[in-house]
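Single chain ahead, written as structure tokens, the form predicted on its own.
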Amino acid sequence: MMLQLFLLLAAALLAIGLYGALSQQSIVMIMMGIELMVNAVIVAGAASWWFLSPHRPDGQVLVVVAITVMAVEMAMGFAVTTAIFRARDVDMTDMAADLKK
């Protein structure tokens, strides 16, 4: 496998995630789009580390930190979404617009 293939995969994941985040109104679908974009960054980072400097451990640490941050962000996002849904029975972004105030 070549680095270009992994970067192409990351670009495709980023594009699909960006389309999903911008075209959907459901909060869960927007979060899934964001998760795809973060996964694209992780794939690109891991591939860059593997092909450019595999003998250094800092690339692995960066990937593990990115995965941990993504997991925490998604857990918090789904917790907030669940709380909003239970309190107001709202799962669309337009209906949750009163949270701005």
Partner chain sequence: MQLVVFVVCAVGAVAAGAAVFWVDSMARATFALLASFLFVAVDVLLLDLAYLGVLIILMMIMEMVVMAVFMIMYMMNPAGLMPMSMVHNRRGSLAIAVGTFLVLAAGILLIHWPTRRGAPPAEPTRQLGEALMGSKMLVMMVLGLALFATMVATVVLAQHRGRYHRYGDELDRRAPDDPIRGGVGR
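What we label the rigid core is the largest C-alpha set whose atoms superpose within 1.5 Å from one form to the other. Residue numbers count along the first chain shown, from 1. Values in this document were obtained by computation on a predicted structure and should not be read as measured data.
The form predicted together with its partner chain exists for this protein as well; it is not shown, and the discussion that follows is about that form.
Contact annotation for 51-71: residues with any non-hydrogen atom within 4.5 angstroms of its partner chain in the predicted complex are 51, 52, 53, 54, 55, 56, 57, 58, 60, 61, 63, 64, 65, 67, 68, 70, 71, listed in sequence order.
Relative to the superposed rigid core, residue 22 undergoes a CA displacement smaller than 2 Å between the shown form and the other one. After superposing the rigid core, the C-alpha of residue 10 moves by less than 2 Å between the shown form and the other one.
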